[in-house]
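Shown next as structure tokens: one chain only, the form predicted alone.
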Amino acid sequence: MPTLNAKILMSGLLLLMLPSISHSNDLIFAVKSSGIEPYNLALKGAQEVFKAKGLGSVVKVYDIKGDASIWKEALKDIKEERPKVIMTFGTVATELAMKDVRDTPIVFSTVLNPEESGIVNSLASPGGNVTGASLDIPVETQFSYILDMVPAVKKVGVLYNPKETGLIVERAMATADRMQIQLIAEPVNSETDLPMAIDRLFRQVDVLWSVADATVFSLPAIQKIIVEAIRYKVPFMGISPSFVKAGALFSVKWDDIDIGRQAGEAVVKIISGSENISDIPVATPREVSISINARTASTIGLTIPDKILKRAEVFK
């Protein structure tokens, strides 16, 4: 019979041979709202995590093209094959999955404002069978970039529709107070309110901050805001690099692949059994890049600090 030492050695060797996560029946379904590049990049990031963790899961990918009828076909497979986790990419896929699937963990990615849209109860405690990785860069991070760009800033303005982004702005007020910034919020209930709101706000603020508000940032309104910001020489922090290309001074952006990695890390926790889905907070972007419009900076007479220029995407 093996000695005690031999048994201990054998047990140790067996443990070393075991994968960190059980491979059996760890089926993952990935459902994309559409085939756009950010969703593809996020899925790539998630798959990088699965490979690095030795997760032997099969990933089935569905592109529902924003069509609920295509989702119904995917749902048939879900009910038949009973995956361990459903990953969703984008708000449409996430909301459809939430409506029809209650007994399988859902991990979303590339979603804006998941708390305000009712996808989760809160970022810290999402509740139910849903968690994920949102695109919302923490307000404190955004304000820190504003302070880096315009160190003397005292008053930051924001245009918003209270019905759409009121909760975001309310919380941003508290963050601004902690950072010794005055946040001046100008409500815009419809597009017709915008011209007067711009005029009132731009006369009293040092910087314009933005939130993803469909009322404020309709296509016709975006250019008007940019033109007026330049006319008033108010640095405008846009929502994305596309705003910067159009003339906003700067923006900060998440990394699509890393957003997918963060969602993939949540999937690993669920499949390994290390955490219950209801206890996994919604992740926010940990990798952020900055874009700058050098021509706008010159026009409004702002010198960009070298430490920012060295790591920025610069549009000329």
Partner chain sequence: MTENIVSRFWAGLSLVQKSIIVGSVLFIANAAAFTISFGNIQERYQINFLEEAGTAIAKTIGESSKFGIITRNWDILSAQVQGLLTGNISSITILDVGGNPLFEITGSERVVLDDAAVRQKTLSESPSSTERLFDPNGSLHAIIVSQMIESEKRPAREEIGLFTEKAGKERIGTVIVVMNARQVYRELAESRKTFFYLGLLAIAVGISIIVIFVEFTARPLKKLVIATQKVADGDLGYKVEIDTKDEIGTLASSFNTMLERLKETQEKLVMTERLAASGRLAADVAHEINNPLAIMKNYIYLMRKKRMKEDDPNQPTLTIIDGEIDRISRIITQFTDFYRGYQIPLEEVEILGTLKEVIEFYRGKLKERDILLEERMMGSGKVLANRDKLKQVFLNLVKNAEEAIPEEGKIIIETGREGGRIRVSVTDTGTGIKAEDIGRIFDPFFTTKGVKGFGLGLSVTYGIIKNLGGDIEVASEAGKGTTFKVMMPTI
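Values in this document were obtained by computation on a predicted structure and should not be read as measured data. Numbering follows the first chain given and starts at 1.
The same protein has a further form, the form predicted together with its partner chain, not shown here; the description that follows concerns it.
Residue contact with its partner chain in the predicted complex: Asp193 places no heavy atom within 4.5 Å of it. Among residues of the shown chain, Glu164 is one whose heavy atoms approach its partner chain to within 4.5 Å in the predicted complex. Tyr39 belongs to the set of residues with a heavy atom inside 4.5 Å of its partner chain in the predicted complex. Taking the partner from elsewhere, Tyr145 is found to have every heavy atom lying beyond 4.5 Å of its partner chain in the predicted complex. By the 4.5 Å heavy atom rule, the three marked residues Gly157, Ile181 and Ala294 all fail to count as contacting its partner chain in the predicted complex. Listed residues Ala124, Ala214, Ala174, Val227 were compared with its partner chain in the predicted complex; Ala214 is the one with a heavy atom within 4.5 Å. The contact with its partner chain in the predicted complex, taken as any heavy atom within 4.5 Å, belongs to Ala246 out of Ala246, Met98, Val153, Ala197. The stretch that touches its partner chain in the predicted complex, counting heavy atoms within 4.5 Å, is 87-95, out of 145-153, 125-133, 100-108, 87-95. Of all the residues from 233-252, those having a non-hydrogen atom no more than 4.5 Å from its partner chain in the predicted complex are Ile239, Ser240, Ser242, Phe243, Ala246.
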